[in-house]
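Form predicted alone, single chain, as structure tokens, below.
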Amino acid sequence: MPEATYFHAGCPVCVSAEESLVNALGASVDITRVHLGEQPAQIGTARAAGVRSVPALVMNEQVFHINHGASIDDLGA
């Protein structure tokens, strides 16, 4: 099963995108959700994966930026 990581900051845009993605992908993709506001230690992981803004989905080493909720630079660390 393909794996993906969904990075977000918990804002309404992020939560709405998460719900839409999870519903669209269903059980076909194993999605790990990372709330960077609650897990700031993961900001470095997100940056290393190429995330520049959240919400973003990383799958197969590709970053899919969804809308532009917040710059990763605004999240700290």
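Only a predicted model underlies this, so the values are computations on that prediction, with no experimental measurement involved. Sequential numbering from 1, following the sequence displayed. Rigid core: the largest C-alpha set superposing within 1.5 Å between the two forms.
Beyond what is shown, the protein has a form predicted in complex with a further copy of the same chain; the following relates to that form.
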item	value
Joint contact, Met1, Thr5 and Val51 to a further copy of the same chain in the predicted bound form, by non-hydrogen atom at 4.5 Å	no
Contact label in the predicted bound form: Ala27 to a further copy of the same chain, heavy atom within 4.5 Å	yes
Cys11, heavy atom within 4.5 angstroms of a further copy of the same chain in the predicted bound form	no
Those residues of 40 to 65 which, in the predicted bound form, come within 4.5 Å of a further copy of the same chain by heavy atom	Leu57, Met59, Asn60, Gln62, Val63, Phe64, His65
Displaced residue check between the shown form and the other one: Val63, CA, 2 Å or over, core reference	no
Core-aligned C-alpha movement of Val22 between the shown form and the other one, 2 Å or more	yes
